[in-house]
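Here's a solo chain for you in C-alpha cells, the form predicted on its own.
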Amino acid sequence: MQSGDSLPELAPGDLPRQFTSRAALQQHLQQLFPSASGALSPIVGGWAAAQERLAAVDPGAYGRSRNHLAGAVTHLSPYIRHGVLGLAAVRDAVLGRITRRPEGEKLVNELGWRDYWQRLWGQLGDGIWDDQEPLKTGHPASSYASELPADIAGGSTGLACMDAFAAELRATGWLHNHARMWLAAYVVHWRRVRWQAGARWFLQHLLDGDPASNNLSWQWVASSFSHKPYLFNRANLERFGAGHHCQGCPAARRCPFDASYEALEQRLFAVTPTPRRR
C-alpha cells in the first residue's frame, strides 16, 4: 500500500485493520471475547516479521539440530500457513544458502512433505478426518476415547513435560515438532484417546494448524497412516529436551515413559513388539 492510500472499508463483522499497539489489539479482542483467557501470542504476524524470520534461517544448523527443543528451527510455519510466505519462496531462499550437504537439504525435504500433505488433502477433502489405514497397535478403534481428557487440555496431568507442552500450546499457538509428536503419542498411546480428539485440540490453538499436516501427522503417530505407532521414552525426552522437563518433575519416580521401547510396546500395545535396530 502506498503512502496516502486509504484502507478499504470494513465489512460487517470484520476486525479493525489498524491498532495503535498490540495492547490495543488485545483490549479490543477481550471486549469481543470476554470469556476467553490468556494474552496474545508472542508470535508477530505480517510480511515484515516473515521476511525477518526467513532471513535468519540457517539450513545447516536446522539440519543438525532441528530435533532438539532448543534447536535452530525456522518458526516459519505460521507465515506459510496463512499465505504470507509461499513454499516456493522459502525453498528458493534455502537453496541459495546451502553450503554443506546433506544436512543443509533437510529443510527442503521438510518443505516437500508439507506440499505433499496439502496435495493429499486436496484429494481426500473431509476424509482427512478418517483413518487412512487400520491401527497397528492391536487395539480396535472403538477402544479409544472420543474426547480429550480435561487434565491433558488443562495441563494438569502431573507430568512436567506434557503439562509444559500443553501450556505452551495455549499461550503461544505454537509447539516444536518434537513436542507435538511426544504430546500426540501420550494422548493416543498412553491415554488411549482417538487421534481425532487430539487433532481438534491442536487446531483450536495452533497458529500454523491446518488439517493437512496436522491430521496426517497425528495419524502417523497413531499408526493409521504409517506401518507402526510412534513411541518415545524418557531417554528420548532427556536427549532432545536437554532434561529440562525431567528435572523436578513430581512424577519423576513413577514416570510412565521411563522404560525401554520394547517394554513400552509390550505395555501399551496388543501386538508383538517391532524389532528395533541397535
Partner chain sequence: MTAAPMTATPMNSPILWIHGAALGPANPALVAWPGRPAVFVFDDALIAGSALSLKRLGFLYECLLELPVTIRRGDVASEVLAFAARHQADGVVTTAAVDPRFRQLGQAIAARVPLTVLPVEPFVAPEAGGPQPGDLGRFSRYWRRAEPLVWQRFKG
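Between two forms, the rigid core is the largest collection of C-alphas that superpose within 1.5 Å. Residue numbers count along the first chain shown, from 1. The model shown is predicted, which means the values in this text are computed figures rather than measured ones.
If you look for the form predicted in complex with its partner chain, you will not find it shown, but the lines that follow are about it.
| message | When its partner chain is placed as it is in the predicted complex, are 13, 25 and 98 each within 4.5 Å of it, taking any non-hydrogen atom of the residue? | response | Contact check passed for all of 13, 25 and 98.
| message | Quick check for you: of 154-162, 80-88, 180-188, 140-148, which stretch puts a non-hydrogen atom within 4.5 Å of its partner chain in the predicted complex? | response | Of the options given, it is 80-88.
| query | Should residue 115 be classed as touching its partner chain in the predicted complex when contacts are defined as heavy atoms within 4.5 Å? | reply | Output for residue 115 is yes: heavy atoms within 4.5 Å of its partner chain.
| Taking heavy atoms only, is residue 227 within 4.5 angstroms of its partner chain in the predicted complex? | Residue 227: yes, in contact with its partner chain in the predicted complex.
| Contact test in the predicted complex: residue 130 vs its partner chain, heavy atoms, 4.5 Å | Residue 130: no, not in contact with its partner chain in the predicted complex.
| So, in the predicted complex, is residue 235 in contact with its partner chain at a 4.5 angstroms heavy atom limit? | No.
| query | Going by its partner chain in the predicted complex, which residues of 20-48 come within 4.5 Å of it through any heavy atom? | reply | Sequence-ordered list: 22, 25, 26, 28, 29, 30, 32, 33, 36, 37, 38, 39, 40, 41, 43, 44, 45, 46, 47, 48.
| message | Once both forms sit on the same rigid core, is the C-alpha displacement of residue 48 at or above 2 Å between the shown form and the other one? | response | No.
| Exceeds or equals 2 Å, Cα of residue 34 between the shown form and the other one, core fit | Residue 34: C-alpha displaced by 2 Å or more between the shown form and the other one.
| request: Check residue 103 against residue 236 at the C-alpha atoms and report closer or farther in the predicted complex, compared with the shown form; the change is 3 Å or more. | output: Residues separate in the predicted complex, at least 3 Å farther apart.
| By 3 Å or more, the Cα spacing of residue 34 and residue 211 differs in the predicted complex; is it closer or farther than in this view? | The answer is closer, because the C-alphas of residue 34 and residue 211 approach each other in the predicted complex by 3 Å or more.
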